[in-house]
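Encoded as structure tokens, the following chain is the form predicted alone, with no partner shown.
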Amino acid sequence: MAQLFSAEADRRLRLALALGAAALLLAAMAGFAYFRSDRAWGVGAAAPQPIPFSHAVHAGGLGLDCRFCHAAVERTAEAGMPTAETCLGCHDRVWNVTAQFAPLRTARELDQPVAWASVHRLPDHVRFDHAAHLTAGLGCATCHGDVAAMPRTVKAETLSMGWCLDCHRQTQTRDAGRFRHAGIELSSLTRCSTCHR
């Protein structure tokens, strides 16, 4: 039977297939690297807020404790965000800039919460308890970075599952609550149900 394609055409087809496979592999590796990068997780990115707010001024310069604005952090899973009353308690008297604080006054007049944008939003299927972490001796900066030096609050860590598990594994040696799963001894801190609903 006569050959349908020349040897040169066969060589070009093999080269094209090899280059195509290499390009797909390279694209997959680049995608994997990107989705594991800080940029993909929003590290260093600030969330737009209803009013300009500087932790560097409030926590850094004035020395306000985190609990002044995040009042529920020691008692509940949620840290809580400052209410309009909290902000205006000072700003009705000090540095009262009408245009900047309009969203706060509106929230207070309508008896609604201030629409703060969370920088550290976890998925709904993740259970996180601020009070438990503070009780365990972790400070705010462990996860949130040096917020007192941030003019605009940015995400300091990925807060990915791997990042959290790294910390939980480090404390595993101090954890007495171990159990066995499929013959493997696991710490209660690395058990899936510890953080997932």
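Sequential numbering from 1, following the sequence displayed. As the structure is a prediction and not an experimental result, all values here were calculated from the model.
Same protein, other form: the form predicted in complex with heme C, not shown, and the subject of what follows.
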Just to confirm, residue 120 within 4.5 Å of heme C in the predicted complex by heavy atoms?
yes
Would you check, heavy atoms only and a 4.5 Å threshold, whether residue 39 touches heme C in the predicted complex?
no
Against heme C in the predicted complex, would residue 59 count as a contact residue? Criterion: heavy atoms within 4.5 Å.
yes
Though only this chain appears here, would residue 91 touch heme C in the predicted complex if you measure heavy atom gaps against 4.5 Å?
yes
Within 4.5 Å of heme C in the predicted complex, counting any non-hydrogen atom, which residues from 144-159 show up?
144, 147, 148, 153, 159
